[in-house]
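Listed next as structure tokens is one chain, alone, in the form predicted alone.
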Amino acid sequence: MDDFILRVEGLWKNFGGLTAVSDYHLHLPQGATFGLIGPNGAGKTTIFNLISGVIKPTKGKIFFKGRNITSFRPDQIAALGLTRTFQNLRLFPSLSVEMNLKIGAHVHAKCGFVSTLLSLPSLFREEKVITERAQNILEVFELEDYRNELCSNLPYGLQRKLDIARSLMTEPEVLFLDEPSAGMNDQEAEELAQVVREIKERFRLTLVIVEHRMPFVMGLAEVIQVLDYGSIIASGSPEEVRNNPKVVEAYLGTGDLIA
């Protein structure tokens, strides 16, 4: 039995002659909140893409709940309980908020074409479960009043919340959040941070957060890993990372880290 819910060993990713990720390791205990930071181009989103199956590593292995998922497709990984959001929103703008949520549940749907065509009782039972889960998540994210609103009509901050809410419809055990507060003002970001704390406890999640807004990630993560040019340059508590000379040098006076 693996001691870690997610274990990444010796991960490399080359794009032609460019090494985007080099010898990356991660040992993630269940229930942790883990931060991944670094300057632009450090390889953070590439690591998310590798672990979630969007792209395949040049070498290295990824284990989830003790199972080697290195070659798995994104839908297979999501069905096992590892889900991620993206920097750029991937909502369906012409569908309602509720329908966007329900689409997130498709990875666990068991009723196929025949059940739908014949309107079998199993179809209605499954739809009831999905609707109840969507209602629960609408309440958690305070989106009940927008249930029937087209996604495209929502303010940007609410679209960000909806994107995270939809990821919970896959019933994840590990949730990767890629720049969750991007485009938000400080008040919206603080409200989102509180929502993240709440969903972690309510849904018993293990979280991995990539974020440029340092107060956001440092206020949530227990352990933070810092990347630069695809390599780990520091790892530790928020305070240890904040005071690490290599980290300060990597950010080289941007002010983002100290804020």
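Counting begins at 1, following the sequence as shown. Only a predicted model underlies this, so the values are computations on that prediction, with no experimental measurement involved.
The same protein also exists as the form predicted in complex with a small molecule; that form is not shown, yet it is the one meant from here on.
Participant: Are any of the heavy atoms in R213 no more than 4.5 Å from a heavy atom of the small molecule in the model of the complex?
Facilitator: Result no; R213 lies far from the small molecule in the model of the complex.
Participant: Is there a non-hydrogen atom of A193 within 4.5 angstroms of a non-hydrogen atom of the small molecule in the model of the complex?
Facilitator: A193: no contact with the small molecule in the model of the complex.
Participant: Given that the small molecule is not shown alongside this chain, does P39 nevertheless sit within 4.5 Å of it in the model of the complex, heavy atom to heavy atom?
Facilitator: Result yes; P39 sits at the interface with the small molecule in the model of the complex.
Participant: Looking at the partner-bound form in the model of the complex, is G43 within 4.5 Å of the small molecule by any heavy atom?
Facilitator: Residue-level check for G43: yes, a contact with the small molecule.
Participant: Considering the small molecule in the model of the complex, which of Q159, Q87, T131, S96 comes within 4.5 Å of it through any heavy atom?
Facilitator: Looking at the other structure, the residue within range turns out to be Q87.
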